[in-house]
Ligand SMILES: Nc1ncnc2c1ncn2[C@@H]1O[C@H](COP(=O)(O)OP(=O)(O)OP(=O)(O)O)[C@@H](O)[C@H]1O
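Only one chain is given next, in structure tokens, and it is the form predicted alone.
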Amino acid sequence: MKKTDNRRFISFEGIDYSGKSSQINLLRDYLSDKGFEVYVLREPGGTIISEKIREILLDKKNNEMDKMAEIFLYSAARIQLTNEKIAPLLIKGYYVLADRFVDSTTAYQGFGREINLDLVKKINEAATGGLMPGLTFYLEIEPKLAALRRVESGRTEDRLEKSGIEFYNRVFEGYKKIAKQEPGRVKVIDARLSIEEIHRQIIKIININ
């Protein structure tokens, strides 16, 4: 893939129910009010092909899915999304706000499913052509609290959410290691804070006048 300026590519990471969607929407509105063109996308998904792959990945009927099939499906969806949406939009000058990107694969499939991390890194690079977000906000929340939020929401578990607390504890520790390894890109924010306070911290970090 041709070298792409990633400074306007911002990803949001964290366990489900960490509040990513709320913060993405607030940042979209903030940037739009500043006069920028903004595109919001989710992973897996964001294109017709990627959304079909998403359905397979999250379908509770697919409990027998092998962990290697899982990581390659996530990566197939990401290849399509990167080439069809992310790279072209960045070239046009858009801000691209992504609900998850390769850090999710490292955390969930690498640490959570315990797939060899060197292999995960190679798969991620192949799926993105080396394109990474210029900035990542990791909304940190402990798995038990995230599970409680899910129960309070009344939403049923998808296939991935049925993986159990030990799986999510590994994912949680994985995110910690990712943030520690890349402090320049990955900014950790306490997801227990109010929606308004989290948004204030995000705006302060982005620092657009």
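One rule holds for the numbers: they count along the sequence shown, beginning at 1. Just so it is clear, the model here is predicted, and its values are computed rather than measured.
The form predicted together with the ligand exists for this protein as well; it is not shown, and the discussion that follows is about that form.
Just one listed stretch, out of 175-183, 44-52, 31-39, 147-155, contacts the ligand in the predicted complex at the 4.5 Å heavy atom level, and that stretch is 147-155. Taken together, the three residues D16, G19 and R100 all come within 4.5 Å of the ligand in the predicted complex, as judged by their closest heavy atom. Contact annotation for A191: at least one heavy atom lies within 4.5 Å of the ligand in the predicted complex. Taking the partner from elsewhere, I10 is found to have every heavy atom lying beyond 4.5 Å of the ligand in the predicted complex.
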